[in-house]
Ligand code: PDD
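Take a look at this single chain in structure tokens; it is the form predicted alone.
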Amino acid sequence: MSERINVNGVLGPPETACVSPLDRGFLFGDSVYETIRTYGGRPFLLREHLQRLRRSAELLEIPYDRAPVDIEPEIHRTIADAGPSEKAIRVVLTRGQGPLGYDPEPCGPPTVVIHARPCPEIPASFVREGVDVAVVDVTRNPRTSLDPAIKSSNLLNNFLAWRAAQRLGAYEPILLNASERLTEGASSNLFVVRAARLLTPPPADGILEGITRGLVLELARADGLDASEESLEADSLRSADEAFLTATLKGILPIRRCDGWPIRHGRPGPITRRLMALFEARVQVETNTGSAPGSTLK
């Protein structure tokens, strides 16, 4: 029982899960979602993820409070039913069933899908040595179309960027906005280090404010680092002293090369390593895993 899906409180294996073909999430991508992971069997930063799920729903005017189940206890129930291994949990909230057409009024109540699966492992070499990224020619959605601040299930923009990165042999694409400023990866936020300053693109340039991104900014500032949200050009990444990605399932993942060229010395720098250690310490505090310090960084 390593993978379980909960649809409106009905738990079972993936092959028995069922969502109506008239569900707006299926028809229009009219849904929002969160990805959460466990450490020591406990969901990490669950409150922050659920707060963002509610914000995303409100921005799309999906009535979060009309969901047929209480989402937080259903997450815990699904994790428990899925067995003891570390889990990646995807929580999807759709507008629910309705007739064909754009009018949302006849729709609902919302549909809640909670999918718990084994957490994908990041190869130790990626953590130790870093990964390759590429600045791709797929532009990030502008905020005036589908605002990237909404964590919606419409991920075609991200998918096309990911495909472009695969063709270039890169692990993760980096998208620019229409003004050719850095935004984020297909499934990650981006940080660079320049002259001992930690920099990350601001929300105004078209990003999703990642939960891990927010934690890294908090940890950096508490540790006395100069950490700022600033607009950045692509060359700010290519010529950075250090760079890394952040995401729920990736944690902090160093970048070693961009567009085939090494970032500085082509290996994780001191600020990146320091933040990785601080992140590991926060995981220990939040989840009380009991594992040896640094064990999730190997």
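Bear in mind that the values here come from a model prediction, so they are computed numbers and not experimental data. Residue positions are given as counts along the sequence shown, with the first one as 1.
Missing here is the form predicted in complex with the named molecule; even so, the following discussion is about that form.
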Pick from 224-232, 127-135, 202-210, 99-107: which stretch has non-hydrogen atoms within 4.5 Å of the named molecule in the predicted bound form?
202-210
The named molecule in the predicted bound form has a heavy atom of only one listed residue within 4.5 Å, and of Arg197, Arg90, Arg163, Arg77 that residue is Arg90
With the named molecule left out of view, which of Ala220, Ala186, Val193, Val113 would have a heavy atom within 4.5 Å of it in the predicted bound form?
Ala186
Answer with yes or no whether Ser56 is in contact with the named molecule in the predicted bound form, where contact means some heavy atom within 4.5 Å.
no
Taking any heavy atom pair closer than or equal to 4.5 Å as contact, tell me whether Ser31 reaches the named molecule in the predicted bound form.
no
Does Ser239 reach the named molecule in the predicted bound form if we count a contact as any heavy atom within 4.5 Å?
no
Does at least one non-hydrogen atom of Thr248 fall within 4.5 angstroms of the named molecule in the predicted bound form?
yes
Stretch 153-174: residues contacting the named molecule in the predicted bound form, 4.5 Å heavy atom cut-off
Asn158
